[in-house]
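Quick setup: one chain, the form predicted alone, written in structure tokens, and binding and motion questions come after.
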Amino acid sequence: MPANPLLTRSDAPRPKVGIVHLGPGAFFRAFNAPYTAEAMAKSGGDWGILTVSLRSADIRDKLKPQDCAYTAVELAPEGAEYTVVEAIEDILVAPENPGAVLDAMADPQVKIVSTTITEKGYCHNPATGELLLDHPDIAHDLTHSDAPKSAIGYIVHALNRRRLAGVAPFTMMPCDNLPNNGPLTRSVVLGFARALDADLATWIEANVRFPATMVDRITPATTQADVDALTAAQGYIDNACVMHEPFRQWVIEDDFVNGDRPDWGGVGAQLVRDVEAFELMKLRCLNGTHSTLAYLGYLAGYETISETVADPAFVNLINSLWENEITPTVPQPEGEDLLAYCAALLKRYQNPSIRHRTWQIAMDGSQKLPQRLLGTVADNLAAGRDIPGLALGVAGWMRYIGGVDEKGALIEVKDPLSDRLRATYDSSGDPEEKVVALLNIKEVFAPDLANNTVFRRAVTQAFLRLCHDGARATVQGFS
């Protein structure tokens, strides 16, 4: 018998399921679920969450023995705080029982379906925002209504069940870091529906709501050391625990079917008419610099973001990015101060309790680059502004996806296009040819940007410096 017991759920009354959430990863458990638990504690309501893993049984196998309770650990510089979250009522693994997932989503009691499935889960072309009808999962789902594989397939087939049963639709609420994530989700859902059934597409267009959201909380991957530290501090074992920073921000477009939603606003979420300015602020100011720090920091030998920004050269780089290249492209959201927001971001990056690995943030770069950096690049070019820092961020990604670090060690590049990116990188000769070849990957770079001579020149120069001098020296020489 272990010296410490597993975490056990309290005997508090349990709500009915009102939300189905696709993607039970660490971010959802550190962000969406705590907000919902707090909203129910404050204002009541049957907003229990049934969460669905679309691929792996790993999280289910950790949560179920604990009756879906888990600990959210807040990592502040002055020490950790522990909260047991009991918002999840059950968890399903979709490949094991797709019918049960569709049944749950079609249940009239469910008012909201939400997603944290990462950029690649939307099966779209990041450069255009369009659904990839030839994506293997999408092609499968168009002909397998009872056993989908993709989130989009589950959403559309579940909506069709509700339509055919005469049941009101659920609200479809994406919570991933994508620009205009509500309109984007609406676009890919309708793209799938039109390919399936024109009447279904018309019904979705008229009845379903797709509120945009902006989500923000740094959530480093949980390690065994984190689990052991929790056990030592609290006296129980929790293999599903999550780590997060103290800061959180959730901006939600207040557009729900029949107005049905938890009282998230009562516990700190911002319910607004237009999320776009908040979303752009976060994607460009936070995510853009986060990715830049991840690629260049990893190449410079830094394991975490806090280690990276302990180097004054990297602080100088991101301060210059914020001041000269990013904030000039961001309309100031109502009630926000962009300079204060960026100053707060630097303090969050510097929190030594948050071990957010550069390698983790660097994942799926081909999906992230268009939203986090390339839109900012395009706006600056259109305004005639220089882009030295942004070009260095893009060049850092190119150097990183080459798969070999500056000491000759292999980089484990996690990206849906990793094989193609590496083949493109390796098949090109000198550094300038590599840049040209990578810019021609249309899934990442829109042709008008890839063919822009100012952009090509800036990225090529930055890439050459990285190859010749290394990442740290290049960043140190940035001005």
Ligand code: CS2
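Numbering starts at 1 and follows the sequence shown. The model shown is predicted, which means the values in this text are computed figures rather than measured ones.
Form predicted in complex with ligand CS2: not shown, discussed below.
Of the residues Thr185, Thr304, Asn177, Thr376, just one reaches ligand CS2 in the predicted complex with a heavy atom at 4.5 Å or closer; this is Asn177.
Interface residue among Leu159, Ala193, Ile361, Ile138 relative to ligand CS2 in the predicted complex, by the heavy atom within 4.5 Å criterion: Ile361.
Only one listed stretch (215 to 223, 159 to 167, 185 to 193, 228 to 236) carries heavy atoms within 4.5 Å of ligand CS2 in the predicted complex, and that stretch is 215 to 223. Using a 4.5 angstroms threshold between heavy atoms, Thr118 stays clear of ligand CS2 in the predicted complex.
The closest heavy atom approach of Lys282 to ligand CS2 in the predicted complex falls within 4.5 Å. Taking the partner from elsewhere, His356 is found to have a heavy atom lying within 4.5 Å of ligand CS2 in the predicted complex. Using a 4.5 Å cutoff between non-hydrogen atoms, Leu286 counts as a contact of ligand CS2 in the predicted complex. Contact residues in stretch 361 to 386 (any heavy atom within 4.5 Å of ligand CS2, taken in the predicted complex) are Ile361, Lys368, Arg372.
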